[in-house]
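Form predicted on its own, single chain, as structure tokens, below.
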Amino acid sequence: MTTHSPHPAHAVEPASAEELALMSDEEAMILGAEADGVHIVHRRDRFPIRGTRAEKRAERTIALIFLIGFLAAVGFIVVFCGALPFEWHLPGQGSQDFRYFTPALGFLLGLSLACVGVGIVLWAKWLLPEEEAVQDRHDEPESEAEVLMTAASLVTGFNDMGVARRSMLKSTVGLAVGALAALPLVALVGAMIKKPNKGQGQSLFHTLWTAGTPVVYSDGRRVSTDDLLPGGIETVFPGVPGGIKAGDSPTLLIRLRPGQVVKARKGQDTYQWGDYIAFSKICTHAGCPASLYEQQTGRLLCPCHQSQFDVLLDAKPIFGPATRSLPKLPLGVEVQDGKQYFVAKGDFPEAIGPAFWERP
């Protein structure tokens, strides 16, 4: 415990550098404290006899806490790298174990932080010397001798921790702190080097839509040319494995009202099939679902930041922060059992999504 005296006591004269060289680190520390106006009232080693059972028991307890912190940090890395499933599935279409991924990461990170913190506190409480001191107020600059005595105080404090002779604690605290410090790098570097849509042969510039890909509903049923009424809208997906759960898949299929004509962008005149047209559902501003459709005016509204897109102008933004048109999907049909079903004639001609793609 350190207190401040309202009436500074007279500090002792500092020893010379030659005298300090002949003293032990603890003697130089005490003399340095007195010279600096810090009067050590009480100082007692918690274990005057080194290597007792009580000291070893305290050391083993603290080492166990640090070891648990290390294992928790390693567990975080293992879970982050894929030990638990994290991909979302529709109810009834796959395991729902993904729900444990984020709680497991939070629990393991919290346990690792708590163990390192508790271990350090117990180290100070159980193993460091018990000390009470009174410090005077002073504003004088330090001399060279005082600098040497301050260095001796730091060395004594380090020696009091017993790091050199407590190899178990040194090893476990190094493991725990090292693993904990690695967690931000694992999360950052792991997220940066992971290939988007790995295993599906895709990249940021492509989606799962390819030539001949069936257009399906969220339950996997194929979309026919008779499903939507004029002015109707439906969210559809590529009918391939993983298509429904892929974040870049949602697409708006719109059936125009009689008399509505779309002014197609250059090179996209053939993307529309009859009075059907399809656009990416992902807003080009911030990635929200732009799916509020006003069939009388042909406008799509993004509810997040109020961007509006004119379907009759090929989903050109006409209001709000979005600056790019929604990418359009080329539509075609195929006949199966005497009925026409929609298919894609290819992928979106441009990258979908928000701010990353904002280019002049």
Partner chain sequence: MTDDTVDADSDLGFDPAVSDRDVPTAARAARASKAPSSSRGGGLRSKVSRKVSSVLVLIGALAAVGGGYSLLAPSSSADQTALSAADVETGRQLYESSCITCHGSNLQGVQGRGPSLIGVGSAATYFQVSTGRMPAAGQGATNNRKPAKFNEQQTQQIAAYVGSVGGGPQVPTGDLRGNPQNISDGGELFRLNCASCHNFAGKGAPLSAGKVAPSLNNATDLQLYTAMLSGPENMPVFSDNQITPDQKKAIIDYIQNLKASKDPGGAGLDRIGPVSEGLLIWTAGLGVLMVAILWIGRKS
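Residue numbers count along the first chain shown, from 1. Since we're looking at a predicted model, the values are computed, not measured. Between two forms, the rigid core is the largest collection of C-alphas that superpose within 1.5 Å.
Heads up, the form predicted together with its partner chain isn't pictured, but that's what we're talking about next.
Think of it this way: in the predicted complex, its partner chain has a heavy atom of just one of P230, P184, G274, G174 within 4.5 Å, and the residue is P230. Proximity of N159 to its partner chain in the predicted complex falls outside the 4.5 Å heavy atom cutoff.
In the predicted complex, its partner chain lies within 4.5 Å of some heavy atom of E294. Using a 4.5 angstroms limit between non-hydrogen atoms, D219 touches its partner chain in the predicted complex.
For K263, no non-hydrogen atom is located within 4.5 Å of its partner chain in the predicted complex, even though that partner is not displayed. Contact with its partner chain in the predicted complex, judged as any non-hydrogen atom within 4.5 angstroms, is confined among 98-106, 166-174, 263-271, 67-75 to 98-106. Contacts with its partner chain in the predicted complex, taken as any heavy atom within 4.5 Å, map within 253-286 to R257, P258, G259, K281.
Here D45 counts as shifted, since its C-alpha moves by at least 2 Å between the shown form and the other one after the core is aligned.
After superposing the rigid core, the Cα of R221 is displaced by less than 2 Å between the shown form and the other one. With the core held fixed between the shown form and the other one, T102 has its Cα displaced by at least 2 Å.
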